[in-house]
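So this first bit is one chain, no partners, the form predicted alone, shown in structure tokens.
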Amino acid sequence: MAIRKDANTLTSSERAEFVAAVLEIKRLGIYDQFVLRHARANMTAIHRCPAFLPWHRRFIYDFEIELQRASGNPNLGLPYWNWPDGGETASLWDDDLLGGNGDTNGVVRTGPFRSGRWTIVNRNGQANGALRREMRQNASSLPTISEITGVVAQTPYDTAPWDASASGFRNQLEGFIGANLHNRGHMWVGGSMLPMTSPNDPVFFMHHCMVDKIWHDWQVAHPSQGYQPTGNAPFGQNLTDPMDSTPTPNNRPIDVLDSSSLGIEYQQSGEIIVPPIATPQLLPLDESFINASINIPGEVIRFQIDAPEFASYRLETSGNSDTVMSLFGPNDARALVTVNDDGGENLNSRIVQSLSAGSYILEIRLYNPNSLGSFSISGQPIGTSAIPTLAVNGVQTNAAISFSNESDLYRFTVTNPGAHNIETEGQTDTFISLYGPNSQTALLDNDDDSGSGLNSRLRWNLPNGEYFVRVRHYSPVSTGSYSIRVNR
């Protein structure tokens, strides 16, 4: 198995093996093909989007395979650039590995990739002069341990609109919001690391190996947080879409989510501290306040909320901290209901939402992942809502999923036991859940596409009693109209 190590910790023989393999695939023309694969890809299909991380995981994995072939060592692992210990005086910039900074004109004159020995290529594959570096001219510092730790604490993986404005872990790591990790690394090196031909500098692969390591650490820290989106985002970004400019097979995000299945293992240096994911504390829905505090950068405080019935609920924080709330459920800690930042007073968050009966998880973090602070949290019902009734063998009910993560709840009563069909119609990709008898939380079954087209259908032999049906869109961010009926 290839073990990816901190580049600063490589032995002299490991450095020589890595450099020799890079020079060999450069001689064979393979290295330049990686430069062109990155440079000619659709910029917005591999950056500023959810596929940023799986695309680059596959990219550096393929590069690592070529290094292994060139070296004859199937266990050669791509080193990672450990940013907190990777400044200009770090050993990875020594002459036996990457070489150092450029001269007054930015030209690299030291190391194995120096001018006269290493030539970069442009987007057309033509020779374009010497490798250039201009360290610290575009960014004065590299990411710190506390900044990385804060980003690793962020959830979910990504959110709509799936671009540079999205909240979530991916965009924090990529660097368009928050601590600016990945983007800052490119800027700190400067020179040849700035354009889409940035793989011309071998540090690119070490840089993205560090990015991938942080994603790997995040996956370990948040096993319930999967890749998003799973559907209805731009093509190439969904879980099972083929990614732009990626060789087949295994060119979908789903194919590269598990590092271990790819034979990758990261050497853990211990510098990055992943904040613990605490066992949720029960939040009573009685207006009482619970005091809490964020004592570790990036820490997430979790509460469990047990909604006894379908109703509208208000959840809010108070205090001087800038809080962000994420609500998941019902009965599924991965199913995001909604997120709120500044819906409350001052910089506090507030969620007002109609919720089905069931158990929910409320996660609270601070907007700035490097901040510490305290807050109070309370919850209360603010009015029960009438659950629409479906008449068995009656007319269909027309409805719509009108906003992200919405779900509609219905009730129907069985007075004639036997087989019943519960189904939707329309052009919307619906997902239905059936509960009962006489319970909003006792799940009987789910269905996605057993109906016509992308519609849902369940057929169950039901005894007398009251039953509940929850309808949502298959995609957590998509909307659409539908109709629903129950037939005996």
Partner chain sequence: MASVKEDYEGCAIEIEVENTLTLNGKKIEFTHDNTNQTWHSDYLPYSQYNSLIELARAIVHESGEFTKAQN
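Treat the numbers as computed from the prediction; the structure is a model and nothing was measured. Positions refer to the first chain, counted from 1.
There is another form of this protein, the form predicted in complex with its partner chain, and it is not shown here; the text below is about that form.
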*Please run the contact check for M43 against its partner chain in the predicted bound form: heavy atoms, 4.5 angstroms, yes or no?*
yes
Q | Contact of G319 with its partner chain in the predicted bound form (heavy atom, 4.5 Å) | A | no
Discussion item. Check N416 for me: does it contact its partner chain in the predicted bound form (non-hydrogen atoms, 4.5 angstroms)?
Written reply: no
Is there a non-hydrogen atom of K213 within 4.5 angstroms of a non-hydrogen atom of its partner chain in the predicted bound form?
-> no
From S259, S198, T159, S349: within 4.5 Å of its partner chain in the predicted bound form by heavy atoms is S198
Among M193, A292, L78, I401, just one has a heavy atom within 4.5 Å of its partner chain in the predicted bound form, namely M193
Looking in the predicted bound form, is its partner chain within 4.5 Å of a heavy atom from each of V107, N128 and F204? yes
Per contact check vs its partner chain in the predicted bound form (non-hydrogen atom within 4.5 angstroms), the hit among 59 to 67, 452 to 460, 35 to 43, 432 to 440 is 35 to 43
Of the residues spanning 172 to 195, the ones with some heavy atom within 4.5 Å of its partner chain in the predicted bound form are F176, H182, N183, H186, M187, G191, M193, L194, P195
